[in-house]
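One chain follows as structure tokens, the form predicted on its own.
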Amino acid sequence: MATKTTATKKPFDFWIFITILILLSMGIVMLFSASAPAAYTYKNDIYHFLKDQLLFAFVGFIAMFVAMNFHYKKLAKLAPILLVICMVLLILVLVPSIGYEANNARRWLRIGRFTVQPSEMAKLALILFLSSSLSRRKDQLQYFFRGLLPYLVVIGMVAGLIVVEPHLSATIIILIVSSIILFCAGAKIRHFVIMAVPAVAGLGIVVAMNEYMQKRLFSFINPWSDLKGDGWQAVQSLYAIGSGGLFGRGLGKSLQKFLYIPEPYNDFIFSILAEELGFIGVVTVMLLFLVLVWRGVKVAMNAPDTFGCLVAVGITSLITVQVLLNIAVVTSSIPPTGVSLPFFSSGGTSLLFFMTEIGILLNISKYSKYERI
């Protein structure tokens, strides 16, 4: 006899699926365009970054389909184990003989010729852990010490391991997404106001202790004051965006990707997109992300249980926050930090886990109670 869950199972959300296909397709095309000059210069192979991205996109699709057909409720039991594994990996990253260092940061573990970034896994693991625990103890959130504080300690431990890598942007993303989940689970607004004071103070201390963060902050205030130094990336990004105009220079015709923007295929790929596809291309991509967020919110609002609701909220928030921060960085609206653009930027670990998260969201949508259109 079919269970109640199986009887109420519906098709997955088609809007999410088709939107991801379009975003990933555009992302791969833009990554090839943005990466070709750097790939030829440094690797003597214009397809170097494209081949890696296609490989991880393929693996990501497999992960998405597995997650799409793996009942999301089973993830609640796995959440604590995944979080412990992530914390162990985050500790291993900091060990000099194990962690891989690049650009004065130790954020990766090397596996063969590929590198793995545990902080990407930690984002998902923390979302699952918070959602699982809060779905059982949400009534306790009205109390600060016995309700909210234990979760803040767990979040602080994960964020603390990431910030010492250092990886400030991932730390900020984790703090924002975790706060959104806590708020949606019933945490009091006054508790967040109270927490804001030590959080801002702690962030100030972290910035004061890291010279590279200070330089980035000062270069943000006036990037033209250090045009050939820390302000270079922001200025070149603005040149790229400004020269795109309404319709862009044309696909493949960017000038700033010829090593004016360092690693244009990574955090600043949105600048190349704006230069080549113009305002029309930028609006198109932003609308696609907006559709994804809209459907994610719809899945969360109609989820059959609290756990599914909070997981959908967490995944949707993660994508939203990361997109907004990336666009804010490339437009010099906030100090420059290493924030990748989901489904566009080069990075196998990031792409793999974003595809996995979309699979989980699609799985929840199968059991969410709303009409498919």
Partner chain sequence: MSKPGMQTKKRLLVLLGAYTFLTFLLIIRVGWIQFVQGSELQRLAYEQQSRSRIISPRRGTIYDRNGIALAVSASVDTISAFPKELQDSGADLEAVAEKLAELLDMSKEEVLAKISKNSPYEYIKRKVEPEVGAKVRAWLQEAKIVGITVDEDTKRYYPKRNLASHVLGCVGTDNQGLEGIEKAMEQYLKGLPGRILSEVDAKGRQIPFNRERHIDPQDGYNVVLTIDETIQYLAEKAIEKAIVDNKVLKGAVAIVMDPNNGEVLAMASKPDFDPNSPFRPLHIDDATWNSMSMEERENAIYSTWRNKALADTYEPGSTFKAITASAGLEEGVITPESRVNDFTVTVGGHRINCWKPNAHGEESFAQGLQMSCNPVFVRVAQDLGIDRFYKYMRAFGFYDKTGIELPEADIIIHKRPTEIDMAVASFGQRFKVTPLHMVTAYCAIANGGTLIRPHLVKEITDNEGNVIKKFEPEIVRQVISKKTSDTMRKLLQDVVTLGTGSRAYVPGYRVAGKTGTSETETSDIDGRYVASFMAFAPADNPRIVVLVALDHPDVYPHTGGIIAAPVAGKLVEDILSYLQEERVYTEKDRKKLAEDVYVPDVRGKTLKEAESILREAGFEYRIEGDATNKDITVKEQTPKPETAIPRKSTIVLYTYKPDENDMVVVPDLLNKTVDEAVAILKGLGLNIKVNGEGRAYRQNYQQGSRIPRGGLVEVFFMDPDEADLE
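Residue numbers count along the first chain shown, from 1. Just so we're clear, the structure is a prediction, and the values are computed from it rather than from any experiment.
Just so it is clear, the following notes concern the form predicted in complex with its partner chain, a form of the same protein that is not shown.
Partner proximity in the model of the complex, defined as non-hydrogen atoms within 4.5 angstroms of its partner chain, places exactly one of 41-49, 25-33, 344-352, 56-64 at the interface: 41-49. Residue contact check for Pro80: none of its heavy atoms lie within 4.5 Å of its partner chain in the model of the complex. Proximity of Tyr151 to its partner chain in the model of the complex falls outside the 4.5 Å heavy atom cutoff. At the 4.5 Å threshold, heavy atoms of Ser340 stay clear of its partner chain in the model of the complex, well away from it. Its partner chain in the model of the complex is not approached by His191, whose heavy atoms all lie more than 4.5 angstroms from it.
For the options Ala196, Val95, Leu290, Val88, the residue carrying a heavy atom within 4.5 angstroms of its partner chain in the model of the complex is Leu290. Looking at its partner chain in the model of the complex, residues Val116, Thr356 and Ser368 place no heavy atom within 4.5 Å of it.
With contact defined as any non-hydrogen atom lying within 4.5 angstroms of its partner chain in the model of the complex, the contacting residues in 135-168 are Ser135, Lys138, given in sequence order.
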